[in-house]
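In structure tokens, one chain follows: the form predicted on its own.
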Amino acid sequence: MPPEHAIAAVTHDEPFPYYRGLREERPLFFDGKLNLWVATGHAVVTEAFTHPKLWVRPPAEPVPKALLGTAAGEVFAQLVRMTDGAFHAAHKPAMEQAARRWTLADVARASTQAAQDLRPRLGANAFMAALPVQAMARLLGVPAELLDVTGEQVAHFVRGIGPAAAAQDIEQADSAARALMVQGATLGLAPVQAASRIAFMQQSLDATWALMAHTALMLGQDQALAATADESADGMRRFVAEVERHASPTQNTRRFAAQPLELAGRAIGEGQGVLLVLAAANRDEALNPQPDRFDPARTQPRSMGFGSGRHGCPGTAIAIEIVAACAGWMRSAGQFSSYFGAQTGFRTLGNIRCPLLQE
């Protein structure tokens, strides 16, 4: 059976035929069950990413109501990726500059060190959850003795700011946010800078975990392409980048109309939400020739998975390098194939397609 709707497709066994049908027949439509507009075509998604009146948060609720009055809510309000307007314009350049301070060699070293530390003491799923956060923590200068607790705090923060967070999750996120902001303050960072430091770790968790899981599955599935990826660091980067495009770990994201607007010729009312189905756009012929084919050697591959426009992710190369460096080290050390088992299901997330693996 096809998925019930575009959010249910995230954890469906095979969502891409469904996405293709939507993209070809209804590149933009209103889904009454979701109470959202749904954009599936590359052209519509691109237009939405660049539309000045489409914001990342509902205009009437810049911070989730459940987080108001908490430290987690205060951090959320200072996350550049969750804001628009003057605040976003003022602070996004600093985020981009901060991301550029690390070379690929820096990222590879941090990822490999994290993998070497975590691999002997964690199962595959816990490893993939911890790896991106601990790699980023190393890049941010978190002391070795604080790496584990910092990773736990970031995980609590991520769970607590999610739309389905329970009261206990929010309480733990509040405590975690306070501790993480203290870490930033001890480094002499202003509150916005300390929040941005949290964002570098927080943004890496779910999506990079999912990218690592998809990469592990694909390396096990196609031995010939895996052997080619093993030949060089750049070859592994191309492999991981194609996994990101083809599997689309980040399946969708949302935008909200700050004012009445027109998108692809359709009238969108103020406050209405638009679900941008990045996984559908990534398989659009207009974006990539033969999009259903997995081909790490494709010429000029393009992906919508890291966003575009003013909210394009500044950490694209970092995320790919974390996964590529980890996979490269583990495979060269002979610690890969026996560690990552077959897929057993998916995490229950509304926007991230994250496989769970047998351990």
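Note that residue numbering follows the sequence shown and begins at 1. Computed from a predicted structure; not experimentally measured.
The protein also exists as the form predicted together with ligand HEM; that form is not presented, and the subsequent description refers to it.
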Going by a heavy atom distance of 4.5 Å, is E244 a contact of ligand HEM in the model of the complex? yes
When the contact criterion is heavy atoms within 4.5 Å, does I318 count as touching ligand HEM in the model of the complex? yes
Quick one: does F306 come within 4.5 Å of ligand HEM in the model of the complex, counting heavy atoms only? yes
Hey, in the model of the complex, does V63 get a heavy atom within 4.5 angstroms of ligand HEM? no
Only one of H88, R109, R138, R119 gets a heavy atom within 4.5 Å of ligand HEM in the model of the complex. Which one? H88
Note: exactly one of R283, R159, R81, R238 sits with a heavy atom within 4.5 Å of ligand HEM in the model of the complex, namely R81
Considering ligand HEM in the model of the complex, find the one stretch among 262-270, 199-207, 146-154, 285-293 with heavy atoms no farther than 4.5 Å from it. 199-207
Who in 89-103 is close to ligand HEM in the model of the complex, meaning a heavy atom within 4.5 Å? K92, M95
